[in-house]
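The chain below stands alone and is given in structure tokens; this is the form predicted on its own.
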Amino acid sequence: MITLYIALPLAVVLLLNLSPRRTANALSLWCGLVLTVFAGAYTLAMPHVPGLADAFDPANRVLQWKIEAGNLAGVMFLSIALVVFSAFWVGRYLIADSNRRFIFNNLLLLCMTGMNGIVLSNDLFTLYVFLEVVAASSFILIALERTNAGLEGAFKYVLLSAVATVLVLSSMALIFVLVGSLDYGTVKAVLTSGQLDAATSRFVTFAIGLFVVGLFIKGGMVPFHGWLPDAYSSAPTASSVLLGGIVTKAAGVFTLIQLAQNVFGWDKPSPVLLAVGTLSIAVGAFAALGQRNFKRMLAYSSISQIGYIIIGLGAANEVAVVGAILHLFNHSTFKTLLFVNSAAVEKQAGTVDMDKLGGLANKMPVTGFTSVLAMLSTAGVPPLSGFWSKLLIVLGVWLSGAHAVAVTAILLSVVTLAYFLSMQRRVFFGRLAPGLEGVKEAGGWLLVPEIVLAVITLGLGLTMPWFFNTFLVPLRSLWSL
């Protein structure tokens, strides 16, 4: 049954494209929405997911997650379903042409197939195939409207994605030659056996380095982030929801966490990951301060927030890694919400240039309020969900001995709050900007994902003590120390 995560979206794509176009145009949105709701509900029914059934305690009626591949997959499946669900709503709201919307919906389903495949992969070659599925569909999503800016952003994405692909394939070739297999378990057993000679160990380290750099590029981490702001800001806003909400995390961050645990067997703090994560936090935060384009600011903010996940992984202890996994889900939620809000502003006000906006909170109260919630969660303000994941990450990094990194992460959260307060002031607060007198609240196609994502952000934060005891404490076995 686990293959439904791949088979169902792919089957829907095939059936839609074999149906009469008028019927397919009418059904593609609803098929996509039903599929994402089913995927989310199926994931929440964790006892049905292989690898999780033994974590279900029938006596206590409590589903407890162990930190292992299957349970980590549950976090990603839920994140993917949530973000793709939101992207379908935004696409219906923003894309007027039915044929283009049909293409967009198909691409969403293909990208969902690729991301679910990444999560389910248990060998490096299968992982590579699904990474390319995600890359190909993302490229078309960026260039969907065929504008000059969109084509330029797509070209930069393809160029750097090709470099990442070469690095990943080269790494896989070396690993296969040295180990004789690309299966996760076999590779990990060899790498952690301690029986490799010095020369082979150096080649293995080099191969792992190539793979990690490839994932840094796909995840948009500093100093390999050059493609990300252009791709996010030039893509259609409906595509930006998907890209910013989940794509870079699935192709880069989650894959890195998965390989660190299941293939490379890292169990000690990594100076490289701590350095890259800290640099990403700083560069993303300070670059976001100087932006006037709403979507471009969110792009740099994504780079910064991904940095927190990376330092959590780099700390390599159970507290930090649990925080990193929780922040991965949180970031998928509040960053998707912010991109949905940017879609509402772009549609209703006709621009995402923050210098031409202002005073929209009175005209768009739901969008303004949910934006405040997402902004505060991103900055790590209690009691919202982002606070708890950042708290766990900082505590874990401190316990790992990287005190300077922990302090830096706390201080840069203040910068995060600063650029988001600037965004709120320029877009939603203050006097109404000239020419925006007729602006109204976004329609139901956007209010649904706004409210759903806001409820999750607020609800998860308020229920964190229960959530921590029920779900996160059992996750401690994920990272074996």
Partner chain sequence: MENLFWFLTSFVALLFIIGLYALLATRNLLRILIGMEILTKGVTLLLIAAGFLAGRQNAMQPIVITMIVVEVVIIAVAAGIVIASYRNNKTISVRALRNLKG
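Numbering follows the first chain given and starts at 1. Since this is a predicted model, take the numbers as computed values, not measurements.
FYI, the form predicted together with its partner chain isn't displayed, but the following is about it.
This chain appears without its partner; in the model of the complex, the one residue of 380, 153, 307, 214 with a heavy atom within 4.5 Å of its partner chain is 153. Contact with its partner chain in the model of the complex, judged by any heavy atom within 4.5 Å, is made by just one of 317, 291, 408, 262: 291. Taking the partner from elsewhere, residue 296 is found to have a heavy atom lying within 4.5 Å of its partner chain in the model of the complex.
Taking the partner from the other structure, its partner chain in the model of the complex has no heavy atom within 4.5 Å of any heavy atom of residue 404.
Using a 4.5 angstroms limit between non-hydrogen atoms, residue 300 touches its partner chain in the model of the complex. In the model of the complex, no heavy atom of residue 286 sits within 4.5 Å of its partner chain. Screening 349-357, 369-377, 79-87, 169-177 for residues having heavy atoms within 4.5 Å of its partner chain in the model of the complex returns a single hit, 169-177. No residue of the trio 5, 11 and 25 has any heavy atom within 4.5 Å of its partner chain in the model of the complex. Scanning 105-140 for heavy atoms within 4.5 Å of its partner chain in the model of the complex gives 125, 128, 129, 132, 136, 139, 140 in sequence order.
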